[in-house]
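Given as structure tokens, the chain that follows is alone and in the form predicted on its own.
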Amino acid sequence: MNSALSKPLEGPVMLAIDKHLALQQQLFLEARLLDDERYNDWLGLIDEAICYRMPMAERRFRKDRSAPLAFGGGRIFDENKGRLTMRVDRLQSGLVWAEDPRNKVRRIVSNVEIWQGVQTNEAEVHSVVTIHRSRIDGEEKHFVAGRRDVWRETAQGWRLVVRDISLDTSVVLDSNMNTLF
């Protein structure tokens, strides 16, 4: 037998299977809470120290070797717990014209990879989220994004500490960005 084939691949450390399954179910629960507009329940899954970010995509030709932009490409949003709470309060106010009547939104979470995080009580999660939003006027929007999360295990369960969202499109072709990823 080839000894190179019998050696395990080096790289991220897998999370224990029971924790892996519990956290995967947490991702599915999170999607359902958002789909059902149970925003306060969703906020309960968020750590007080959350970093919830969506950078603007910087697309370059492969042969472009110039230095990255000095200040980065910017961010579509960069939220903490207070800002996420404000977004939720706004969505629940009844004053958001784009959400009245209610949009039908469905999130599909796929390609889930869960690895041991930097800290023993943390997990790094990579996933893809596909969001379909349908308005009453027949307008439909689709978002596809990669996510890199850090979830922390606490006495109250798993809590989201970091979410970095990378949209697959470099231009947001929508009139609003009320959607939570």
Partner chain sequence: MINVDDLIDQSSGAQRRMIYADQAIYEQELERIFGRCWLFLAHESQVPNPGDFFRTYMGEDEVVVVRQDDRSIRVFLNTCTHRGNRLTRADRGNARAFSCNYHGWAFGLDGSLATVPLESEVYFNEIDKNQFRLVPVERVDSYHGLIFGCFDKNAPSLGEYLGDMRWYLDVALDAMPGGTELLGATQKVIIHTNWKLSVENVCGDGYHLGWSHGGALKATQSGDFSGFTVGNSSVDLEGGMSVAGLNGNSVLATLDGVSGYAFYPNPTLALKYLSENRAKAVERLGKLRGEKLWGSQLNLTVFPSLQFLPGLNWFRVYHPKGPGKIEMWTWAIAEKAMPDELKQQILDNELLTFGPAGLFDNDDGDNLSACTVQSRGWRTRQMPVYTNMALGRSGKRVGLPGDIASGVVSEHNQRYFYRRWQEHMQAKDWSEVPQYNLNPLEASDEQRTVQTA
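Positions refer to the first chain, counted from 1. What you are looking at is a predicted structure, and each value in this text was computed from that prediction instead of being measured.
Only in words, not in the display: the form predicted in complex with the partner chain, which the text now covers.
Residue 67: touches the partner chain in the model of the complex, heavy atom cutoff 4.5 angstroms: Close contact exists here: in the model of the complex, residue 67 approaches the partner chain to within 4.5 Å, heavy atoms only.
Close approach of residue 58 to the partner chain in the model of the complex, 4.5 Å, heavy atom: Because a heavy atom of residue 58 falls inside 4.5 Å of the partner chain in the model of the complex, the answer is yes.
Partner proximity in the model of the complex: residue 109 to the partner chain, non-hydrogen atom cutoff 4.5 Å: No.
4.5 angstroms heavy atom contact with the partner chain in the model of the complex for residue 75: Residue 75 belongs to the contact set for the partner chain.
Contact stretch among 113-121, 25-33, 134-142, 151-159 - heavy atom within 4.5 Å of the partner chain in the model of the complex: It is the stretch 134-142.
Neighbours of the partner chain in the model of the complex among 88-104 [non-hydrogen atom within 4.5 angstroms]: Stretch hits, in order: 89, 90, 93, 95, 96, 97, 98.
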